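Below you will find one chain, with nothing else, as structure tokens; this is the form predicted on its own, and questions on how it binds or moves follow later.
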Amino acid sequence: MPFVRDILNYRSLSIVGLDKNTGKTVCLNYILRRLNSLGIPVGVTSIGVDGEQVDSVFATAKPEITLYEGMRFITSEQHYLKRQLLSVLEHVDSRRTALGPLVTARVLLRGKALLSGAATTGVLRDQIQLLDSMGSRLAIVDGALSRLSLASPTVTEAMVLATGAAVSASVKQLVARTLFQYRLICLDEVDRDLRPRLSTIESGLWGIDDDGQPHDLGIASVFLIGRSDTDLLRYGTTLFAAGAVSDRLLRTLAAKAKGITLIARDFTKLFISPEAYNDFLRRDGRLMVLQRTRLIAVTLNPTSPQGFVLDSDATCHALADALQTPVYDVMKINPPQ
């Protein structure tokens, strides 16, 4: 598939699923196999636990992660001891996890491995830098359920979004949920001149004046927005939320005035519903981000863990029409062995 070539434009990549069992591991295996055939040095880790043989929720069989000669991987000590490959240990992190310290190893002979990596994005950034320093041209992070934070552009440069029948048995609902997430991922970035002024702000809600200067509105968290009588628009109709953005904030702003522009740090900070977002848009509101995640591809797993299977071609076409971007069935491009 053409998106593998696109991946080579970046140093780090996250694979994120809209739900569990959307084909992340199958997609990861396909990418690893293709990159190995191209001779690209790759490092791999996870922000959850990936590569287990049986799904912990549905007790169904899952594809294992295959790693190839020369690849580096980061996992916990406990899972490293369970590897089914030949490797050499290269680094042991002093920070411990519930499964022991995180270890980095290089594969000598291909095989299977369990990946259990960083619990925080800060540690994950350190791991990506470590893989880079060891010679990995690309660091790939396999995601876990509801951990979209790893796809932040402050962590990984690009991402692949995995969706599928596990999200919904209804093609219409599947398309709607995927489209909404896609719209948030693809939000416009602010002007480059404004970005440095906002990127160092760590918390609170800020007003942006006509000269592009930020002013603290004295609201530590947007979740406290309903308790404040602050004039949110005293510096103008452009605001910056340094932390999470909620439905309450969008609805509060929509009730204040039309034409408000709200800037979020990136799409992973948006904890909003389609209903609240659409209401905000109907009031001529605009949602933007400091930094946009580079979406490489959208993939589909047409099979759900409950056993029903969507029509692959029809669902891919429906998603592609809605998103206006190609959608790839990962089960076709890399069927489980």
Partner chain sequence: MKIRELVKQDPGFQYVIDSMELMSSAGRRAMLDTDFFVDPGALEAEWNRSDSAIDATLDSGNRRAYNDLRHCLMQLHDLQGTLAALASHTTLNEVELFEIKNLALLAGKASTAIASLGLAEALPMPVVADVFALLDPDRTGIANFYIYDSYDPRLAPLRRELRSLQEHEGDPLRIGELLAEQNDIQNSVCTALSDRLLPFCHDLSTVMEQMAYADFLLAKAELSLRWHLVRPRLGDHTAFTALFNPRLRDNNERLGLRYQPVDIDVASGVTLVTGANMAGKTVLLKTIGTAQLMAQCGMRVPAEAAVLMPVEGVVASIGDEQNEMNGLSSYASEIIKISDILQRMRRERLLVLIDEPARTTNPVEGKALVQAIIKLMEPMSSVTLITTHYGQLGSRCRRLRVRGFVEDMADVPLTPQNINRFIDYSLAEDTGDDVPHEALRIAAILGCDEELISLAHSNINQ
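Residue numbers count along the first chain shown, from 1. This is a predicted model, so every value here is computed, not measured.
What comes next is about the form predicted in complex with the partner chain, which does not appear here.
In the predicted bound form, residue 91 approaches the partner chain with a heavy atom inside 4.5 Å. Under a 4.5 angstroms non-hydrogen atom cutoff, the partner chain in the predicted bound form has residue 110 among its neighbouring residues. Remark: residue 87 counts among the residues lining the partner chain in the predicted bound form, judged by a heavy atom distance of 4.5 Å or less. In the predicted bound form, none of the heavy atoms of residue 194 sits within 4.5 Å of a heavy atom of the partner chain. By the 4.5 Å heavy atom rule, the three marked residues 80, 83 and 106 all count as contacting the partner chain in the predicted bound form. Only one of 284, 311, 275, 69 comes within 4.5 Å of the partner chain in the predicted bound form through a heavy atom, and that residue is 69.
Heavy atoms within 4.5 Å of the partner chain in the predicted bound form belong, among the stretches 210-218, 263-271, 91-99, 174-182, to residues of 91-99.
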